[in-house]
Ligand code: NAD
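A single chain, nothing else alongside it, follows as structure tokens in the form predicted on its own.
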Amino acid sequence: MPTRIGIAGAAGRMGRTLIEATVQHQDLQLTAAVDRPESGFIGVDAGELAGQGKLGVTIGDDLQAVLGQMDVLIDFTLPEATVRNAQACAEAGVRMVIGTTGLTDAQKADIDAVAARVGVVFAANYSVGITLSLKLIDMAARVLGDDYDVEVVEAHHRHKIDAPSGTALRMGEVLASALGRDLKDCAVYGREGRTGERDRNTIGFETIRGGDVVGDHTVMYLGLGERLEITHKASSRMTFAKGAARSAAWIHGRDGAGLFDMEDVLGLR
């Protein structure tokens, strides 16, 4: 039996890509799709909206009404909506794959509470390449240590509403952990004016927004006489959607509750 998939935010750009990835995955079946009530696509066939032909699954505006039709909900929406959806899934015993970024510490704690009841995969980025990049970033930071200054540069499309990106922040967390620092204390988000010399213990973040950039991330290790850069560039949202689909199949195959990420899905933990 295929894993039954529900998609939140189904009418959005990422939602439509998630529909396509679900349809293409041999072990998944799209059985439910929801979007915000004010969406102009309520009642539209989800498959036709995503260019996959008629699937017989119409986009609704009430998650509670369709929770019984899914094994896993994939949610790449907004923090407030994701927390509400997660709480509803916990009550219904539905597992989740969460790709929403920009959550506060309190909202992340809410997700932790849900993961104590059902299985949840929660990652800032579902790209296989990014997951491998995080391993390389950790390795490089441990080898180079405090002799190298570290900066994170990221670029995304003009419609992205949070900054820095969740992936950039995750990279910062990996760097801080490898260097024995607390990111909350050492992060610098952009520079302006007379800043003085760089504090050697900081981790800098630079954000670029414009056009249709799907997602570019570079970690720079800047030493005296040389510079190392680890870069990942995504050219299609399908990269993330395929990772989310893979995660949905994986989490459905696990017993019990727990909070996991792409390293768990890929067996890299």
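Residue numbers here begin at 1 and follow the sequence given. Here the structure is a predicted model, which is why all the values come from computation and not from measurement.
This protein has a second form, the form predicted together with the named molecule, left out of what is shown; the following refers to that one.
Worksheet item: Is the gap between Val188 and the named molecule in the predicted complex 4.5 Å or less for some heavy atom pair?
Response: No, Val188 stays farther than 4.5 Å from the named molecule in the predicted complex.
Worksheet entry | Partner contact for Gly172 in the predicted complex: the named molecule, 4.5 angstroms, heavy atom | Because no heavy atom of Gly172 falls inside 4.5 Å of the named molecule in the predicted complex, the answer is no.
Worksheet item: Any of the heavy atoms of Asp199 lying within 4.5 Å of the named molecule in the predicted complex?
Response: No, Asp199 is distant from the partner.
Worksheet item: Are any of the heavy atoms in Gly119 no more than 4.5 Å from a heavy atom of the named molecule in the predicted complex?
Response: No, no contact at 4.5 Å.
Item to complete: Among 179-187, 139-147, 104-112, 119-127, mark the stretch whose residues have heavy atoms within 4.5 Å of the named molecule in the predicted complex.
Response: Result of the contact check: 119-127.
Discussion item. So the named molecule isn't shown here. In the predicted complex, which residue out of Ala163, Ala155, Ala90, Leu78 has a non-hydrogen atom within 4.5 Å of it?
Written reply: Only one option qualifies, and that one is Leu78.
Item to complete: Select from 29-50 the residues with a non-hydrogen atom within 4.5 Å of the named molecule in the predicted complex and write them out in sequence order.
Response: Val34, Asp35, Arg36, in sequence order.
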